[in-house]
Every structure is written in structure tokens, then in C-alpha cells.
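First, one chain by itself in C-alpha cells, the form predicted on its own.
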Amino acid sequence: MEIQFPPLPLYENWGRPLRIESNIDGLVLVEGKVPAGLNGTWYRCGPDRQYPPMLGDDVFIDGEGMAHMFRFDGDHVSYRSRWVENDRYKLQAKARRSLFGRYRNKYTNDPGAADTHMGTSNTNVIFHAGKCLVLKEDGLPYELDPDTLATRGVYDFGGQVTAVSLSAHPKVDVVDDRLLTYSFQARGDATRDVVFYEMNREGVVTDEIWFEAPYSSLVHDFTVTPDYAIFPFFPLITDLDNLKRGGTFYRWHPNEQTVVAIVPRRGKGQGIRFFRGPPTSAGHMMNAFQDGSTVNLDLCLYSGNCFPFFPTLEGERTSMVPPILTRLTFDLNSSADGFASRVLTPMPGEMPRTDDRYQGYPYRNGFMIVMRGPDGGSAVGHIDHATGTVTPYSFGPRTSVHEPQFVPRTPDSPEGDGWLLVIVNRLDANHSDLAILDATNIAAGPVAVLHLPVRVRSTFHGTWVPAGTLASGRYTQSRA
């Protein structure tokens, strides 16, 4: 069967589907020196296209999952990538063509795929309780072999999870060794059901809270504090009748409000507060923390629709608006249901990360992708919340970066003291590099750069797993 990809902008230049698995034992050091003590594995995941899309169109968040790993062993760094061979991938491999239609719309699939889950497993990789799990919010996780990335199968925590899916953005508490996660549209497409789960270090569910969302919306990410789980609901809404007509999974509703639910943890769903504001959207949260009776949520906020390829009710495409790092503040002592909003930096940025040990706690240091320019380039940025300054570092013209990954210098080092791992796209040279920066001084440039002879087309999110954690299945980090 002839394989020919349609002439979509998404598939041009760097975006061309790669469709290969790689195994590189020993990346070439081209600059600096790999820091001593940086031992562990960096997992990542992103989409690629196994075959040309069935309906001839595509969106960048769709496509089959490709898992990636960089293993650090002393000064030796290796790289591996593998397809996530879930049910969707295996069915298409047998048919030698795409069998799934519009993003998350099962009513547009080939009849031969009617009994196969269309989950892509293409967004994130986490490690908890000895399990390496690849995630996408349209289904349950798939377990991977942490050394080979071979797909082991779907994972529902031994039957403890009854939701039909789990988020691609759980929070792994690397200090208390807990997993905090959730599902939206948890009982099926277009339902309003939301569930929050907390698992202990053995992977046993210790907290399960169900509640109803204000509407059936996008909840791509959430945040936690020691006492609360924070869920932002944005007016990108799923309508079952629209799906059955072949429409997009979400549509933008500019007349609906943004609604944020503050959910008390270790409860049964009582005492949930819903706060309301103007229509906005966001894909990713940087952090949240409590300050007395207030809860602060830091997120990359769009003043309109963050996904213009999901149209309005009238079928119109909205204009792209830049994501601005913003702090929303909720006063739990007030009976009012509004919230305050403050821009933290006017420089647009996305894919925010922190020192994971301080997720849910007051923090000073944040990291994200910044300065996306007309040449398609981007830079990595450090945000100092104490001073409000943003320090960007660019790898030069015609380069772009993936989401940065913070690694503590030691398990008990101060907050923000460590290394920043970044995949760098060399757009003209058609290959990628792995850069390591000192997170406390990214303006000084990389302390090491390693050459990849292949192009890492796209990754969304990932996690760093220390070598000791990988061996024991336990996290042993601490907050200063």
C-alpha cells in the first residue's frame, strides 16, 4: 500500500513525521562535561504519525505515542526511542494504514476500529511505585519496561481505577512518594464527572473524590497543595451530539466563564469551592501554594482559546493569543466567588516546570519555554519569582527547545539548585542536541552539549528518575 502524507503545514520541515525507533549507545560530547553525580534516566513522550491521517487533516496534539529516554551513567549518556505499542498502534500496524479519524472522535473512525480504544499514549511519562507509565488523557496509562521502553500493556492500578481515563498531568510527590492524579469526563465522552485519586508509595489508592464539573470541558492540567487539589475548567466544551455529527472534540464557548474548583483533599467531596472569572484557557500549570486563607495558582494563561483548531459553536477559528504566566488568587475566607489575577511576567511562555520537590509549596524558581520568534525558534527561560525577572537563554538562530527538566544537584539541595536538561532542535542541521545547563545560572550557557544524530521531532512532557529510584522503586528526595 502506497504511503503518502498530505501537504499539511504540520508535516513540513521539522514537522515531517519521523516514524523511526532509535538506539544510540553513547552520545557524542561536543561541548563541556557531563556533571558528576547526574545519574538516572530522563523519560519523555510525544506524538508521531505511524501512517498518514485517515481523513487527510491533523492537529499537532494527535498522533501515535513515541517514548524517549536518555540514560545517564557517569559521563556516559545513551538514547533510545520506541513506539508505544498500544491497541491503536497494533491494529494500524496490522492494517498498514490509519484507522482512526478526527482527534478523540470515535464516530469518525474506520468501522474496522469500532472495538479498539483510540487512545494515543503520546503526552507524558512518569515513574511511581516501580512502574514506568506513559500517559494521555484520552485513556488509561500503558506500562513500559523502564530499561527497554517495550510496551507491557494497559495499567489500571490493579483494578483500583474505575475512571475510563487518567490525566496526562499527574503530580508525583518525590518527597512523600505519592502519586496525585485525576480524570475528567471520567465516565465517558462529554460527561461532567471528575475524580481525584491519591496513591501511596505502593500504588494503593488512599483518596478518591468524585464531583461534577460545571460543564464537560478541557482540564488538561491541575495543581495540588498539601490541603487542596485545584481544577481549572475552561470553556473548551465537549458536546456528544456534535461528536456524532463528526465534529471536533472541543468547541470554544466565549460566552461561558472560566471556573476553578478548589477541592479539599482527604475528603468525600464536601466543601468544594467554585470560583468564576472571564473566559480564558490554559494547557499547563507551573505550581500552586497556600498562603494563609488564600490559594495561589500560577499558570500559562491565554486570554482566549489556547487551541484555535477547536472552533467556536459557529465553526469559526479564533486567533492565536500568547500564553502569559499569570497568578490567580482565591480567598477561601471570602463568600465571593471571584478571584484576583496578576501577570507574573509579560514575556510569553509555555511548558512550565519547577523543582518537583516543591510542587504545591511556596517556591522561587520556575522554568519554561520562552521567546518563540518568527523563525519558529524558542529559548529556555528561568523565572525568579522573588524578583519578577525572567532570564532567557537561546541556543542560537534557527533553534527551538522542548520542555525543560529540572534535576536537583543532590537529593536535599536547596530549591532550584540543580541542572536543567533541554532537548535542542537544530532546525537547519536536521538533528537534535541534548543540553545541560546550571539551573542557577542559565545565562552562562550549557555546561555540556551532547550530539544526537537523529531528529527528535516532538516531545511534550517527561520526568527525571534518579538511578537509585529506578532500582528501588522509591523516591528519597527532600525539601530543604
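Residue numbers run from 1 along the displayed sequence. None of these values were measured; they are calculated from a predicted model.
Beyond what is shown, the protein has a form predicted in complex with ligand V55; the following relates to that form.
Residue heavy atoms within 4.5 Å of ligand V55 in the predicted bound form occur in exactly one stretch of 141 to 149, 267 to 275, 121 to 129, 406 to 414, and that stretch is 121 to 129. Among W83, Y358, Y155, F307, the residue placing a heavy atom within 4.5 Å of ligand V55 in the predicted bound form is F307. Residue-level contacts in the predicted bound form: of K171, H382, K136, R88, one residue has a heavy atom within 4.5 Å of ligand V55, and it is K136. Residue contact check for Y103: one or more of its heavy atoms lie within 4.5 Å of ligand V55 in the predicted bound form.
By the criterion of a heavy atom within 4.5 Å, P311 is excluded from the residues contacting ligand V55 in the predicted bound form. Residue contact check for I61: one or more of its heavy atoms lie within 4.5 Å of ligand V55 in the predicted bound form. At a distance threshold of 4.5 angstroms between non-hydrogen atoms, H284 is in contact with ligand V55 in the predicted bound form. Of all the residues from 208 to 238, those having a non-hydrogen atom no more than 4.5 Å from ligand V55 in the predicted bound form are L218, H220.
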